[in-house]
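Given next, in structure tokens, is a single chain: the form predicted alone.
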Amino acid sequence: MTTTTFAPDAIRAAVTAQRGWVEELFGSLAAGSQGHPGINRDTYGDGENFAHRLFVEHARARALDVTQDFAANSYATLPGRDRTAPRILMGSHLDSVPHGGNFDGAAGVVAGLVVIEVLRALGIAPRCDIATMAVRAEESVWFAVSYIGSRSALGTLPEGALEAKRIDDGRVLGSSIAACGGDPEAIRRGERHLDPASIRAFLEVHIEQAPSLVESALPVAICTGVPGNFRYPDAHIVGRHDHVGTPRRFRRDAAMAGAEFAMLLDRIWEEEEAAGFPMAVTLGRFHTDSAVHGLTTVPGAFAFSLDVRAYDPAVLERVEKRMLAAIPEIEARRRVRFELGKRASAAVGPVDPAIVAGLEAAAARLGIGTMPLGSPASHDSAAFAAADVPIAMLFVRNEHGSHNPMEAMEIGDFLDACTVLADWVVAEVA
């Protein structure tokens, strides 16, 4: 097999030449999905549908092969010389959280399109298909189900997930997919659009979600792993509403039980990290019942959501075991009852060492400063890793975090990430 090599300057120049349409496409995405404030590309709703239409229009204008799968994920493919060879798949999601930012997810989709244009600019007819996947429904805030689009494509969406309801309007996931042109019955049967054996790699560019690169004054990081998680999206503590003067020994205070539970989790988190096991605990919802709470009422009802994530399945198992063992003690002490509700989880996403080494070598060859960085968040890449697809991720510097209107990705940093990605892809397929 003969491999054609390209000078780093040629690859960098080919990426830089894409800057005009990249800025225009990001601008169009933002203009068409305003959330007032921020961005609102709601899962299987008008905002996400708009983004997918824009992606399809862009791809068709560049004569790429455009397809859609059972979950209404969109694909733009540059055909390879051997259409049967395992393809390289790049991409990320196009949905956002309510009032989110413009770059979370979308950066990975645009990066895939950039790499395809770079191959064309360099005159490369790739050995295998090179595809960009615009993934649906990564943001689990809408249906409280992780990786809906990617797991549906891989045939790994959990049983019963299609019956989940959207948090704002109660629409059922299965019918929402159908309304966007998908086939929920194929998903229900476990059919898969993507055979893991047919994918050489899944590569995802994403903005960083904590300012590690800002702190380090570097434009790009190479991911060392994507955390798995366990979640209880709709948990409750049941006590008894009482008068504010009720003595402590008679109280069944659900709010105090919630506070004790939160401090327990924080203590476990602190101990795990002190022992060298990075993880994160988030109580995203944590509140009394607004319909009946008040200054002179002892809260008899408390609601919370829980997300616990870590890079090691053993850590997740250990933390959950400790948490579940402690709940009966809190129940007895506070005379309340915990109703955790439905449990959800996502597997840890290990990155492929060979691809990571290739990306590190590409960055060094290009003179682009990088650092290793574990992802603090979950990503579609983890769904591909769980299906035994080799994955890798690149993070782009972003000053103000993600999931908010202040996402601050600089196009120059984004193009640096695209250049590293393009260099690796060129070496694989030229």
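The first residue of the shown sequence is 1; numbering continues from there. Because the structure is predicted, anything quoted here is derived from the model rather than measured.
This protein has a second form, the form predicted in complex with another copy of the chain, left out of what is shown; the following refers to that one.
J.: Just to confirm the contact call: exactly one of 185 to 193, 352 to 360, 203 to 211, 172 to 180 touches another copy of the chain in the model of the complex at a 4.5 Å heavy atom cutoff, so which is it?
T.: Contact criterion met by 203 to 211 only.
J.: Considering non-hydrogen atoms and a 4.5 Å limit, which listed residue (275, 244, 332, 324) is close to another copy of the chain in the model of the complex?
T.: Flagged contact: 244.
J.: Just one of 159, 82, 317, 270 has a heavy atom within 4.5 Å of another copy of the chain in the model of the complex. Which one?
T.: Going through each option in turn, the one that passes is 270.
J.: If you check in the model of the complex, is residue 225 within 4.5 Å of another copy of the chain, heavy atoms only?
T.: No.
J.: In the model of the complex, is there a heavy atom of another copy of the chain that lies within 4.5 Å of any heavy atom of residue 127, even though the partner is absent here?
T.: Flag for residue 127 set to no.
J.: Evaluate residue 302 for contact with another copy of the chain in the model of the complex, applying a 4.5 angstroms cut-off between non-hydrogen atoms, and reply yes or no.
T.: It does: once another copy of the chain is placed as it appears in the model of the complex, residue 302 has a heavy atom within 4.5 Å of it.
J.: In the model of the complex, does residue 49 come within 4.5 Å of another copy of the chain, counting heavy atoms only?
T.: Answer no; every heavy atom of residue 49 is more than 4.5 Å from another copy of the chain in the model of the complex.
J.: Thinking of 97, 141 and 256 as one candidate spot, does another copy of the chain come within 4.5 Å of a heavy atom in every one of them in the model of the complex?
T.: Contact check passed for all of 97, 141 and 256.
J.: Determine the residues of 337 to 376 with a heavy atom within 4.5 Å of another copy of the chain in the model of the complex and present them in sequence order; the list may be empty.
T.: The stretch 337 to 376, when checked against another copy of the chain in the model of the complex, contributes only 376 at the 4.5 Å heavy-atom cut-off.
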